[in-house]
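Just one chain is shown here, as structure tokens, and it is the form predicted on its own.
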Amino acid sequence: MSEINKAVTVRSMWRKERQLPRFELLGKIMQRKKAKYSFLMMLGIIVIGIIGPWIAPHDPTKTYYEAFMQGPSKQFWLGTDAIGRDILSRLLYGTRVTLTAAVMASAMTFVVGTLIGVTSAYIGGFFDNLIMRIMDVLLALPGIVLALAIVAALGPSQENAMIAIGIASIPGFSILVRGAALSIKESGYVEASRSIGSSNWWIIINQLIPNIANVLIVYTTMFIGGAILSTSALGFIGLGAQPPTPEWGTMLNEGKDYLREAWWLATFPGIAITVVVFTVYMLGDALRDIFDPKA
């Protein structure tokens, strides 16, 4: 009977001390201007990424031989590139390519980084010191440099770029998650769970991770913005998506040699990258304000 009472006590303490927000996130977003506008803009970008191939006016890989480097016109709203392909259609197709790569890389970072950070914080001691020193060594290298090394080893492609960006972002993400998990580790419900013999993995999965969900949401949103920049950077130097795949970084690379003769080749992809990254960072900042209004 005493064990049953302890289990009941643990559950009540868990419910009482949980830090997971008790409000409807969408409602809070709509109540704040910055959060609402950034969320609606991000939603619109995602919709464009989904329906882009269906609303594109032209085939993004088709060459129009009579329209090499033609400026914006009624037929080609954003002009054409050096081999006569429609810029608008390539931008619309590229939205899906770029967002998919960034989200997949961030998902890899989220899963692996969360497990490393939470496990290291919970176990502590020598294991924690060893893992964090390894992360510090990896973090000493700029993320894009580490991603370049990984892509160079795996070979240039969109899939390898996603893997490289995901791996390169793990050290920073895991250190941030560890810091958040340390504040939960000594909570009363965690101590009570240990006292009744709950396994370490049960505590990590059911108590630590859910109670830092707000931190994980904010960090992941911010890392998606960085992943978009890294994806475009790798595409720009030829280590990401390979031609003729319409990807924003690749389009920038194709237009850099024609900045005077055909300004639209690099301008519109650059604007697309800037708007999407700015929107993601604004949304992440707004979510941080919602989850931690005292910050």
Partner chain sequence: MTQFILKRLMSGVVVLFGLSVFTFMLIHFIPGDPVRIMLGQRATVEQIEALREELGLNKPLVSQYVSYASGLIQGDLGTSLKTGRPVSTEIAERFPATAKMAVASLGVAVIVGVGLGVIAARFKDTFIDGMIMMFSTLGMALPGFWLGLLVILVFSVHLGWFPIAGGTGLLDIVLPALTLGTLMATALSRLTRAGMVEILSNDYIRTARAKGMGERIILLRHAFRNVMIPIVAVIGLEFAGLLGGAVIVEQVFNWPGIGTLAIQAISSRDFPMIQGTTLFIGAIYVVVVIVIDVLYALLDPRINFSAKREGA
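In this text, all values refer to a predicted model and were calculated from it rather than measured experimentally. Residue numbers count along the first chain shown, from 1.
The form predicted in complex with its partner chain exists for this protein as well; it is not shown, and the discussion that follows is about that form.
S.K.: I need the one stretch from 172-180, 79-87, 112-120, 141-149 whose residues put non-hydrogen atoms within 4.5 angstroms of its partner chain in the model of the complex.
M.R.: In short, 141-149.
S.K.: Considering its partner chain in the model of the complex, which of 266, 30, 56, 48 comes within 4.5 Å of it through any heavy atom?
M.R.: Result of the distance check: 266.
S.K.: Please determine whether residue 154 contacts its partner chain in the model of the complex, using a 4.5 Å cut-off between heavy atoms.
M.R.: Flag for residue 154 set to yes.
S.K.: Do residue 43 and its partner chain come within 4.5 Å of each other in the model of the complex, heavy atoms counted?
M.R.: Outside the cut-off, so no.
S.K.: I'd like to know whether residue 286 contacts its partner chain in the model of the complex, with contact meaning heavy atoms within 4.5 angstroms.
M.R.: Residue 286: no contact with its partner chain in the model of the complex.
S.K.: Using heavy atoms and a 4.5 Å limit, would one call residue 186 a contact residue for its partner chain in the model of the complex?
M.R.: Output for residue 186 is no: heavy atoms all beyond 4.5 Å of its partner chain.
S.K.: Within 4.5 Å of its partner chain in the model of the complex, which residues of 232-247 have a heavy atom? Give them in sequence order, or say none.
M.R.: The stretch touches the partner through 232, 233, 236, 237, 239.
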